[in-house]
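Coming up, as C-alpha coordinates: structure 1 and structure 2, two forms of one and the same protein chain.
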Structure 1
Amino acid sequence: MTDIKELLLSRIRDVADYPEPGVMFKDITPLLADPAAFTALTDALAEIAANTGATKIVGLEARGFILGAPVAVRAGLGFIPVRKAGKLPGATLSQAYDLEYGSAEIEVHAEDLAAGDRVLVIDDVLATGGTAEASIQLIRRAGADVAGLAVLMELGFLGGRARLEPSLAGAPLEALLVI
(Lines of atoms letter the chains of each structure in order from A and count residues from 1; the text may use other names and numbers.)
(Lines give C-alpha, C1' and ligand atoms only; values in the text may rest on other atoms or scores of the structure.)
Protein backbone atom coordinates (compact mmCIF):
# COMPACT_ATOMS: atom_id res chain seq x y z
CA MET A 1 0.00 0.00 0.00
CA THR A 2 2.96 2.32 0.58
CA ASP A 3 3.88 2.16 -3.11
CA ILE A 4 0.38 3.15 -4.23
CA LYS A 5 0.29 5.97 -1.68
CA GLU A 6 3.60 7.29 -2.98
CA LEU A 7 2.38 7.02 -6.57
CA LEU A 8 -0.89 8.81 -5.83
CA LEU A 9 0.76 11.55 -3.77
CA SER A 10 3.35 12.14 -6.49
CA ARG A 11 0.55 12.87 -8.97
CA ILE A 12 -1.43 15.33 -6.82
CA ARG A 13 -0.43 18.94 -7.37
CA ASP A 14 -0.69 21.61 -4.67
CA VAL A 15 -2.10 24.90 -5.96
CA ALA A 16 -1.64 27.75 -3.48
CA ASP A 17 -4.35 30.34 -2.91
CA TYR A 18 -7.00 28.53 -4.96
CA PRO A 19 -9.94 29.04 -5.05
CA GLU A 20 -9.24 31.82 -2.55
CA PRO A 21 -6.25 33.21 -0.63
CA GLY A 22 -5.01 30.94 2.14
CA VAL A 23 -6.36 27.69 0.61
CA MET A 24 -3.98 24.97 -0.60
CA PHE A 25 -5.98 23.22 -3.33
CA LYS A 26 -5.20 19.55 -4.04
CA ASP A 27 -5.40 19.19 -7.84
CA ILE A 28 -5.98 15.58 -8.95
CA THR A 29 -5.91 16.27 -12.70
CA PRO A 30 -2.24 15.16 -13.04
CA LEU A 31 -3.23 11.85 -11.40
CA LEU A 32 -6.14 11.40 -13.83
CA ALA A 33 -3.83 12.15 -16.78
CA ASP A 34 -1.38 9.40 -15.75
CA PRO A 35 -2.80 6.01 -16.84
CA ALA A 36 -0.72 4.04 -14.33
CA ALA A 37 -1.78 6.21 -11.39
CA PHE A 38 -5.44 6.35 -12.47
CA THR A 39 -5.48 2.56 -12.92
CA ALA A 40 -3.90 2.02 -9.49
CA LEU A 41 -6.49 4.32 -7.92
CA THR A 42 -9.35 2.56 -9.72
CA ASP A 43 -8.05 -0.86 -8.65
CA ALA A 44 -7.68 0.21 -5.01
CA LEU A 45 -11.21 1.63 -4.88
CA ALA A 46 -12.63 -1.47 -6.65
CA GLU A 47 -10.97 -3.62 -3.98
CA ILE A 48 -12.69 -1.55 -1.29
CA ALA A 49 -16.00 -2.07 -3.11
CA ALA A 50 -15.44 -5.84 -3.10
CA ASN A 51 -14.41 -5.86 0.56
CA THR A 52 -17.55 -3.96 1.62
CA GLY A 53 -19.90 -6.21 -0.35
CA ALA A 54 -21.18 -3.25 -2.34
CA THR A 55 -23.76 -3.91 -5.04
CA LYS A 56 -23.80 -0.35 -6.39
CA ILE A 57 -21.47 2.65 -6.49
CA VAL A 58 -22.65 6.21 -5.86
CA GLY A 59 -20.40 8.97 -7.18
CA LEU A 60 -20.76 12.48 -5.79
CA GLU A 61 -20.79 15.38 -8.26
CA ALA A 62 -18.46 16.05 -9.91
CA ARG A 63 -15.11 14.38 -9.26
CA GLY A 64 -16.87 11.43 -7.62
CA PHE A 65 -18.27 10.72 -11.10
CA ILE A 66 -14.76 10.59 -12.57
CA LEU A 67 -13.55 8.18 -9.88
CA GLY A 68 -16.71 6.17 -9.25
CA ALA A 69 -17.68 5.24 -12.81
CA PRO A 70 -14.49 3.30 -13.65
CA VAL A 71 -14.61 1.66 -10.21
CA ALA A 72 -18.14 0.44 -10.93
CA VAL A 73 -17.03 -0.96 -14.30
CA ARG A 74 -13.96 -2.64 -12.77
CA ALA A 75 -16.02 -4.12 -9.91
CA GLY A 76 -18.93 -5.17 -12.17
CA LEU A 77 -21.41 -2.94 -10.30
CA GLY A 78 -23.96 -0.32 -11.28
CA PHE A 79 -23.05 3.36 -11.04
CA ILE A 80 -25.43 6.02 -9.73
CA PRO A 81 -24.65 9.74 -9.92
CA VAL A 82 -25.68 11.95 -7.01
CA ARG A 83 -26.16 15.38 -8.55
CA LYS A 84 -26.73 18.95 -7.49
CA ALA A 85 -30.43 19.80 -7.35
CA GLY A 86 -32.13 20.39 -10.69
CA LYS A 87 -29.65 18.39 -12.82
CA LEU A 88 -31.55 15.08 -13.10
CA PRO A 89 -34.68 14.57 -15.21
CA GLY A 90 -37.60 12.57 -13.86
CA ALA A 91 -38.55 11.61 -10.32
CA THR A 92 -35.83 12.32 -7.78
CA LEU A 93 -35.21 12.15 -4.07
CA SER A 94 -33.48 15.21 -2.67
CA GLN A 95 -31.55 16.00 0.49
CA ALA A 96 -30.71 19.49 1.71
CA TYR A 97 -27.64 20.13 3.86
CA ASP A 98 -25.79 23.04 5.40
CA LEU A 99 -22.54 24.48 4.13
CA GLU A 100 -20.18 26.81 5.95
CA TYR A 101 -22.03 29.75 4.37
CA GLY A 102 -25.55 28.80 3.26
CA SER A 103 -26.97 25.49 2.15
CA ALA A 104 -27.08 23.12 -0.82
CA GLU A 105 -29.17 20.24 -2.07
CA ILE A 106 -28.34 16.97 -3.82
CA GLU A 107 -30.56 14.54 -5.72
CA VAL A 108 -30.66 10.98 -7.00
CA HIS A 109 -33.10 9.26 -9.34
CA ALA A 110 -35.66 7.61 -7.08
CA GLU A 111 -35.73 4.33 -9.04
CA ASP A 112 -31.93 3.81 -9.03
CA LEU A 113 -31.74 2.65 -5.41
CA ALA A 114 -33.85 0.03 -3.67
CA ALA A 115 -34.08 -2.16 -0.59
CA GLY A 116 -31.34 -4.76 -0.70
CA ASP A 117 -28.81 -2.49 -2.43
CA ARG A 118 -25.50 -2.07 -0.60
CA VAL A 119 -24.05 1.24 -1.72
CA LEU A 120 -20.44 2.40 -1.59
CA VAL A 121 -20.15 6.19 -1.84
CA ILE A 122 -17.06 7.40 -3.71
CA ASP A 123 -15.62 10.90 -3.87
CA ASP A 124 -12.22 12.48 -4.37
CA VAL A 125 -11.87 14.39 -1.10
CA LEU A 126 -13.39 14.17 2.35
CA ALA A 127 -13.27 17.67 3.80
CA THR A 128 -15.94 18.69 6.32
CA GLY A 129 -18.21 15.77 5.37
CA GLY A 130 -21.38 17.74 4.59
CA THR A 131 -21.99 16.38 1.10
CA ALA A 132 -21.06 12.83 2.09
CA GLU A 133 -23.39 12.98 5.11
CA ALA A 134 -26.26 14.20 2.91
CA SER A 135 -25.60 11.38 0.40
CA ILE A 136 -25.72 8.79 3.20
CA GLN A 137 -29.07 10.18 4.33
CA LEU A 138 -30.34 10.14 0.74
CA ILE A 139 -29.27 6.52 0.19
CA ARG A 140 -31.03 5.39 3.36
CA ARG A 141 -34.17 7.35 2.50
CA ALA A 142 -34.25 5.45 -0.80
CA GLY A 143 -34.33 2.20 1.21
CA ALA A 144 -30.78 1.06 0.46
CA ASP A 145 -27.98 0.23 2.87
CA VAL A 146 -24.70 2.15 3.06
CA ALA A 147 -21.78 -0.25 2.54
CA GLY A 148 -19.24 2.50 3.24
CA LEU A 149 -17.54 5.63 1.98
CA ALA A 150 -14.27 5.60 0.02
CA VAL A 151 -12.23 8.66 -0.91
CA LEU A 152 -8.92 9.31 -2.59
CA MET A 153 -7.89 11.71 0.17
CA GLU A 154 -9.12 12.86 3.54
CA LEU A 155 -8.24 16.32 4.80
CA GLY A 156 -8.00 15.18 8.40
CA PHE A 157 -7.68 18.66 9.88
CA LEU A 158 -11.25 19.53 8.75
CA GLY A 159 -12.97 16.92 10.93
CA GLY A 160 -15.10 15.19 8.31
CA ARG A 161 -14.48 11.70 9.72
CA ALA A 162 -15.76 12.62 13.18
CA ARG A 163 -18.84 14.22 11.63
CA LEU A 164 -19.59 11.14 9.51
CA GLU A 165 -19.04 8.36 12.04
CA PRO A 166 -22.57 8.62 13.53
CA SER A 167 -24.14 8.66 10.04
CA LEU A 168 -22.05 5.71 8.85
CA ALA A 169 -23.33 3.64 11.80
CA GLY A 170 -20.37 1.25 11.66
CA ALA A 171 -19.92 1.20 7.88
CA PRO A 172 -16.26 1.79 6.95
CA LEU A 173 -14.75 5.08 5.85
CA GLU A 174 -11.70 4.32 3.70
CA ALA A 175 -9.29 7.08 2.69
CA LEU A 176 -6.36 6.07 0.51
CA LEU A 177 -4.47 9.19 1.61
CA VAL A 178 -4.85 11.25 4.80
CA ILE A 179 -3.50 14.78 4.64
Structure 2
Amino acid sequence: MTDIKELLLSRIRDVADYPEPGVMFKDITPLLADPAAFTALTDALAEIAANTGATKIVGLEARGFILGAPVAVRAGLGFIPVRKAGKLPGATLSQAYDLEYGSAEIEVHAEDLAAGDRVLVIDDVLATGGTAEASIQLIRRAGADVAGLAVLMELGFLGGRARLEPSLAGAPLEALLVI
Protein backbone atom coordinates (compact mmCIF):
# COMPACT_ATOMS: atom_id res chain seq x y z
CA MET A 1 0.00 0.00 0.00
CA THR A 2 1.33 3.49 -0.81
CA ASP A 3 2.17 5.96 1.95
CA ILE A 4 -0.84 8.15 1.19
CA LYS A 5 -3.25 5.20 1.26
CA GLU A 6 -1.80 4.05 4.56
CA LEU A 7 -2.13 7.57 5.97
CA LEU A 8 -5.77 7.86 4.86
CA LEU A 9 -6.69 4.39 6.12
CA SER A 10 -5.08 5.06 9.48
CA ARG A 11 -7.35 8.09 9.96
CA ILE A 12 -10.66 6.30 9.33
CA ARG A 13 -12.37 4.95 12.43
CA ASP A 14 -14.62 1.89 12.41
CA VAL A 15 -17.75 2.19 14.54
CA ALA A 16 -19.72 -1.05 14.87
CA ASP A 17 -23.52 -1.09 14.75
CA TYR A 18 -23.93 2.57 13.79
CA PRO A 19 -26.38 4.01 12.84
CA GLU A 20 -28.13 0.63 13.09
CA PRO A 21 -27.19 -2.95 14.06
CA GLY A 22 -25.08 -4.75 11.47
CA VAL A 23 -23.54 -1.61 9.91
CA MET A 24 -19.81 -0.97 10.31
CA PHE A 25 -19.72 2.81 10.06
CA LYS A 26 -16.61 4.37 8.51
CA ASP A 27 -16.05 7.60 10.42
CA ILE A 28 -13.88 10.14 8.58
CA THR A 29 -13.79 12.76 11.34
CA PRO A 30 -10.26 11.74 12.50
CA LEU A 31 -9.05 12.25 8.93
CA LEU A 32 -10.68 15.68 8.69
CA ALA A 33 -9.02 16.69 11.95
CA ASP A 34 -5.55 15.84 10.61
CA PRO A 35 -4.39 18.61 8.24
CA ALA A 36 -1.74 16.43 6.57
CA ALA A 37 -4.25 13.68 5.81
CA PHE A 38 -7.01 16.10 4.71
CA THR A 39 -4.57 17.94 2.43
CA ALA A 40 -3.30 14.67 0.91
CA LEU A 41 -6.88 13.58 0.28
CA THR A 42 -7.81 16.93 -1.29
CA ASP A 43 -4.75 16.82 -3.56
CA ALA A 44 -5.45 13.25 -4.67
CA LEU A 45 -9.07 14.04 -5.52
CA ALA A 46 -8.09 17.27 -7.31
CA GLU A 47 -5.67 15.24 -9.46
CA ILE A 48 -8.54 12.91 -10.40
CA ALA A 49 -10.63 15.97 -11.30
CA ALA A 50 -7.85 17.17 -13.64
CA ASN A 51 -7.39 13.70 -15.17
CA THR A 52 -11.11 13.31 -15.94
CA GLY A 53 -11.35 16.72 -17.62
CA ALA A 54 -14.12 17.72 -15.25
CA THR A 55 -15.51 21.25 -15.55
CA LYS A 56 -17.62 21.12 -12.37
CA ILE A 57 -17.56 19.32 -9.03
CA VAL A 58 -20.75 17.93 -7.50
CA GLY A 59 -20.59 17.13 -3.78
CA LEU A 60 -23.19 14.92 -2.08
CA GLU A 61 -24.61 16.16 1.22
CA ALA A 62 -23.18 16.16 3.78
CA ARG A 63 -19.78 14.46 3.79
CA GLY A 64 -19.39 14.96 0.05
CA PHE A 65 -19.55 18.71 0.74
CA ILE A 66 -16.65 18.52 3.17
CA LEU A 67 -14.46 16.71 0.65
CA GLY A 68 -15.78 18.21 -2.58
CA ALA A 69 -15.57 21.91 -1.75
CA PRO A 70 -11.80 22.06 -1.13
CA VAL A 71 -11.25 19.87 -4.20
CA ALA A 72 -13.22 22.34 -6.33
CA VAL A 73 -11.11 25.23 -5.02
CA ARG A 74 -7.86 23.29 -5.53
CA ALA A 75 -8.89 22.27 -9.07
CA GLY A 76 -10.17 25.74 -9.97
CA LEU A 77 -13.69 24.45 -10.68
CA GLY A 78 -17.17 25.45 -9.56
CA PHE A 79 -18.83 23.48 -6.76
CA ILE A 80 -22.44 22.33 -7.07
CA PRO A 81 -24.17 21.00 -3.94
CA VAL A 82 -26.53 18.05 -4.28
CA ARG A 83 -28.66 18.42 -1.17
CA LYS A 84 -31.12 16.33 0.78
CA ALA A 85 -34.68 17.28 -0.26
CA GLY A 86 -36.19 20.55 0.91
CA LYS A 87 -33.00 22.58 1.41
CA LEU A 88 -32.55 24.35 -1.94
CA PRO A 89 -34.64 27.49 -2.53
CA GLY A 90 -34.71 27.53 -6.36
CA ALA A 91 -36.22 25.26 -9.01
CA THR A 92 -34.87 21.75 -8.41
CA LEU A 93 -34.63 18.30 -9.91
CA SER A 94 -35.25 15.52 -7.34
CA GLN A 95 -34.37 11.86 -7.12
CA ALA A 96 -35.39 9.32 -4.46
CA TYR A 97 -33.02 6.49 -3.54
CA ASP A 98 -32.11 3.82 -0.97
CA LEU A 99 -28.74 3.65 0.80
CA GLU A 100 -27.04 1.13 3.11
CA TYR A 101 -29.08 2.32 6.10
CA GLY A 102 -32.33 3.87 4.94
CA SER A 103 -33.76 5.93 2.13
CA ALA A 104 -33.75 9.59 1.16
CA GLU A 105 -34.29 12.08 -1.64
CA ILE A 106 -31.68 14.40 -3.12
CA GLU A 107 -32.03 17.57 -5.15
CA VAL A 108 -29.96 19.92 -7.28
CA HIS A 109 -30.72 23.39 -8.56
CA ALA A 110 -31.67 22.78 -12.18
CA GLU A 111 -29.90 25.98 -13.29
CA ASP A 112 -26.54 24.84 -11.87
CA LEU A 113 -25.96 22.16 -14.52
CA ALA A 114 -26.42 22.28 -18.27
CA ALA A 115 -25.40 20.65 -21.55
CA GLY A 116 -21.66 20.95 -22.02
CA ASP A 117 -20.82 20.53 -18.35
CA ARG A 118 -18.59 17.58 -17.42
CA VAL A 119 -19.28 16.75 -13.79
CA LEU A 120 -17.10 14.88 -11.32
CA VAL A 121 -19.16 13.57 -8.37
CA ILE A 122 -17.31 13.45 -5.05
CA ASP A 123 -18.32 11.61 -1.88
CA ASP A 124 -16.62 9.96 1.08
CA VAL A 125 -18.10 6.46 0.93
CA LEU A 126 -19.44 4.28 -1.87
CA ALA A 127 -21.52 1.59 -0.14
CA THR A 128 -24.52 0.17 -2.03
CA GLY A 129 -24.19 2.89 -4.66
CA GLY A 130 -27.75 4.14 -4.19
CA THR A 131 -26.72 7.72 -3.41
CA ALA A 132 -24.19 7.92 -6.22
CA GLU A 133 -26.62 6.39 -8.71
CA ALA A 134 -29.29 8.96 -7.82
CA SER A 135 -26.76 11.80 -8.26
CA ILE A 136 -25.77 10.52 -11.69
CA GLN A 137 -29.42 10.38 -12.67
CA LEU A 138 -29.86 14.01 -11.56
CA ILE A 139 -26.80 15.17 -13.51
CA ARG A 140 -28.00 13.45 -16.68
CA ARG A 141 -31.54 14.76 -16.26
CA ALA A 142 -30.06 18.28 -16.05
CA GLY A 143 -28.46 17.65 -19.47
CA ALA A 144 -24.85 17.48 -18.24
CA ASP A 145 -22.27 14.72 -18.75
CA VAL A 146 -20.75 12.66 -15.94
CA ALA A 147 -16.95 12.90 -16.01
CA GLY A 148 -16.67 10.34 -13.22
CA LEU A 149 -17.24 9.48 -9.59
CA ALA A 150 -14.44 9.84 -7.03
CA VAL A 151 -14.71 8.57 -3.47
CA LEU A 152 -12.37 8.27 -0.55
CA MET A 153 -13.42 4.67 0.08
CA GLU A 154 -15.41 1.95 -1.58
CA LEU A 155 -16.99 -0.77 0.57
CA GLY A 156 -16.37 -3.49 -1.99
CA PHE A 157 -18.50 -6.16 -0.36
CA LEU A 158 -21.68 -4.09 -0.89
CA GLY A 159 -21.44 -4.22 -4.68
CA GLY A 160 -21.79 -0.53 -5.46
CA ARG A 161 -19.31 -0.65 -8.33
CA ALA A 162 -21.27 -3.30 -10.24
CA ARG A 163 -24.53 -1.47 -9.59
CA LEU A 164 -23.11 1.78 -10.99
CA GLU A 165 -21.61 0.30 -14.14
CA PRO A 166 -24.68 0.93 -16.35
CA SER A 167 -25.26 4.49 -15.12
CA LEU A 168 -21.58 5.44 -15.32
CA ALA A 169 -21.59 4.28 -18.97
CA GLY A 170 -17.81 4.11 -19.18
CA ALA A 171 -17.03 7.10 -16.96
CA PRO A 172 -14.40 6.21 -14.34
CA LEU A 173 -15.13 5.27 -10.74
CA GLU A 174 -12.04 6.16 -8.71
CA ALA A 175 -11.78 4.93 -5.12
CA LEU A 176 -8.65 5.90 -3.19
CA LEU A 177 -9.28 2.98 -0.80
CA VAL A 178 -11.17 -0.24 -1.40
CA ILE A 179 -12.23 -1.92 1.83
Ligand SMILES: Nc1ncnc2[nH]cnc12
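As the structure is a prediction and not an experimental result, all values here were calculated from the model. We call the rigid core the largest set of C-alpha positions that still match within 1.5 Å between the two forms. Numbers follow structure 1, counted from its first residue as 1.
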Between 1 and 2, where do we have the form predicted alone? 1
After fitting the core, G102 CA displacement of 2 Å or more between the two structures: yes
Hey, does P166 budge by 2 Å or more at the Cα between the two structures once the core is superposed? no
Fitting the rigid core first, would the Cα of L9 be found 2 Å or more away between the two structures? no
